[in-house]
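The form predicted alone is given below as one chain in structure tokens.
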């Protein structure tokens, strides 16, 4: 729960909170597509630099511990992936690693592809972190609704988003209570307690949904959540800026 609320807290305290959500989304998509369409390392390296700068600007240079853990986890998965890519790509061997039953040849083509995948993944990570840490969910769907997304999809998504925090809080309380009663001591107790908590959480969620529906109707809920401060609409400046960024990354990333 802490990670979800942490991202939400970052978004509402971001320097880029009042940038147009649709503009940030378009810029992020253009950066990601530009990075993925690059065939050399320059394109993803540029996107990595831009994404890292935007993310640090968004969080005011403060990196919470859960963000550092997330980056470390992605680095660990990436390290495994690029090693496998470098070891399995065919090509001229640059050096070999001798193991008891096998000799692994590392080719130049494998190293190049592994470096490209490594940079692309990190560039994408920081671009997504920038968007997630600067744009609350209600702002995103409010903007998408203005762009033609059906009202009921936007409102249901916002409703699920808002009440998911309460469900997470309830599940955390139930897990803590079960842990205090040694409900997770041993494999058998762990499985039995997990099943019991899952069933009880489902029932509590239904009860909570019924109470919430009554509460919304008593407040004249008409199927629309008003937003106190409407996020800005996307402008032509954002569209041209995003397309210019994409064109620049694409051209630089495809230099042979």
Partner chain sequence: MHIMEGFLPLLWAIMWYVVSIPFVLYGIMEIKKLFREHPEQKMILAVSGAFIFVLSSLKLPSVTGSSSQPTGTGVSSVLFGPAITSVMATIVLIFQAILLAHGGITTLGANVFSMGIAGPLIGWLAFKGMRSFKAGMIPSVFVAAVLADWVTYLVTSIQLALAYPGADIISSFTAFATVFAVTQVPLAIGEGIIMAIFFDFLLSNRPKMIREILKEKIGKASSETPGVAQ
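Residue numbers count along the first chain shown, from 1. The shown structure was predicted, so the numbers you read here are calculated from the model rather than taken from an experiment. The term rigid core refers to the maximal set of C-alpha atoms that superpose within 1.5 Å between the two forms.
Only in words, not in the display: the form predicted together with its partner chain, which the text now covers.
**Q** With the partner left out here, check for me: in the model of the complex, does some heavy atom of residue 177 sit within 4.5 Å of its partner chain?
**A** Contact with its partner chain, no.
**Q** Does any heavy atom of residue 142 come within 4.5 Å of a heavy atom of its partner chain in the model of the complex?
**A** Answer no; every heavy atom of residue 142 is more than 4.5 Å from its partner chain in the model of the complex.
**Q** Answer yes if any heavy atom of residue 207 is within 4.5 Å of a heavy atom of its partner chain in the model of the complex; otherwise answer no.
**A** Close contact exists here: in the model of the complex, residue 207 approaches its partner chain to within 4.5 Å, heavy atoms only.
**Q** With a 4.5 Å heavy atom cut-off, would you call residue 93 a contact of its partner chain in the model of the complex?
**A** Residue 93: no contact with its partner chain in the model of the complex.
**Q** Can you pick the one in 41, 29, 52, 63 that has a heavy atom within 4.5 Å of its partner chain in the model of the complex?
**A** By the 4.5 Å criterion, the partner-contacting residue is 29.
**Q** In the model of the complex, does each residue in the set 59, 68 and 215 place a non-hydrogen atom within 4.5 angstroms of its partner chain?
**A** Not one of the three qualifies.
**Q** Scan 178-198 and write down, in order along the chain, each residue with a heavy atom lying within 4.5 Å of its partner chain in the model of the complex.
**A** Residues within 4.5 Å: 187, 188, 191, 192, 194, 195, 196, 198.
**Q** For residue 91, is the C-alpha shift between this form and the one not shown 2 Å or more after core superposition?
**A** Result for residue 91: yes, a 2 Å-plus shift.
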